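This document starts with one chain, in the form predicted alone, laid out as structure tokens.
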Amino acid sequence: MARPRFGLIGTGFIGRAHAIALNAVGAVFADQEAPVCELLADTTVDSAARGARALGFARSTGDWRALVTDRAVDVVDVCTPNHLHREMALAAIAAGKHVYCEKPLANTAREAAEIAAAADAAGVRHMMGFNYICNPLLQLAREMIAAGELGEVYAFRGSYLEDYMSDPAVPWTWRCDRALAGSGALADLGSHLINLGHFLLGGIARVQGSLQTVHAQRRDPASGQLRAVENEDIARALVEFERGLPGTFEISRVGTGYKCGLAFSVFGTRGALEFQQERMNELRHYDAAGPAARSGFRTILAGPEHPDYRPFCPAPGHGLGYNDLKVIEVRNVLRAIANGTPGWPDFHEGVRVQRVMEAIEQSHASRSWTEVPS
């Protein structure tokens, strides 16, 4: 099979992360042929040209529509602000392209479902950018839970805290605009936590949510005027998984002191697991069967015995980074395309995540438990 040719839309932080992964995946995974970085699109011709030179793409364009219809592009990689995902993904699907889209899939569950249905009807491969679950230690955690090493799992506690908007002097951005970003902390951070919950424990059946906007106004850097913040800074929820398991979520973009505070604890009758993304190469495991004199959590360091670690490094404890998780994610995208089989997380997972986010918002409005549509 010919090497898939990628067209990347967007050169911001996440676009650069995708480009780094596209350029690295063939070097890391010996059994994976490198994709072709064919075409890059950005908001202007000049910025696209600069981005293509910096990120290793053969050509550039200032028109994303030209990219999705370009005959030399097989896969459209969408790395733009949230409100653009729907139009770009649907255009790429209509052109017969495979689509790799950064989270969230869209601004609403209805839009997300429309995209997923179009991709299925067109028979193209579709994958989401939820890279945290590619961590070898989270793959290990999932295996341990499924194998019953924790016994009967009876509770989940999850959080994703960052402080990038904790200072009230931080200016208004598109992330504060409901039409552009959809929800606030939920879309940006909560989508990852929800996907992580799905990955470890399965679907979420119902939620009881609470939302809070800490800084109701921020100054627009263009006009100098104060503008309303139209979405939440903090989201909290009680959740019930489809398996009957209770859990809690806490999500904040004003979590002072946290830079990438994605974390979870899973509690079972025979033990527990604990993880923090800021120490992403450590998984803490408690074995309740141990002697009382030795009781306590032990730290498992990421190493070559864990899934997908060895291609990066033959030595344990040396550790992986954020961009390495994107490399694993891109490998998964390429496998799905090469095998002609669905990958995961796909657009249907994007829909499920969106439905949980909307249920949390609806629960906040109704002040009651809300069912997540199946």
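A residue's number is simply how far along the shown sequence it sits, counting from 1. What you see is a predicted model; the values in this text were computed from it and never measured.
This next part talks about the form predicted in complex with a further copy of the same chain, which is not shown.
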Just to confirm, with a 4.5 Å cut-off on non-hydrogen atoms, which of Val78, Val75, Val254, Leu196 contacts a further copy of the same chain in the model of the complex? Val254
In the model of the complex, which of the listed residues (Ala49, Ile337, Cys313, Val36) lies with a heavy atom within 4.5 Å of a further copy of the same chain? Cys313
a further copy of the same chain in the model of the complex: contacting segment from 179 to 187, 241 to 249, 92 to 100, 221 to 229, heavy atom within 4.5 Å: 241 to 249
Assess the spot marked by Pro4, Thr43 and Pro171: is a further copy of the same chain within 4.5 Å of a heavy atom from every one of these residues in the model of the complex? no
Considering only heavy atoms, tell me if Tyr322 and a further copy of the same chain come within 4.5 Å of each other in the model of the complex. yes
Would Glu162 sit within 4.5 Å of a further copy of the same chain in the model of the complex, counting heavy atoms only? yes
With a 4.5 Å heavy atom cut-off, would you call His318 a contact of a further copy of the same chain in the model of the complex? yes
Using a 4.5 Å heavy atom cut-off, state whether Arg71 contacts a further copy of the same chain in the model of the complex. no
Of the residues spanning 274 to 309, the ones with some heavy atom within 4.5 Å of a further copy of the same chain in the model of the complex are Glu274, Gln277, Glu278, Arg279, Met280, Glu282, Arg284, Tyr286, Ala292, Ala293, Arg294, Ser295, Gly296, Phe297, Arg298, Thr299, Ile300, Leu301, Glu305, His306
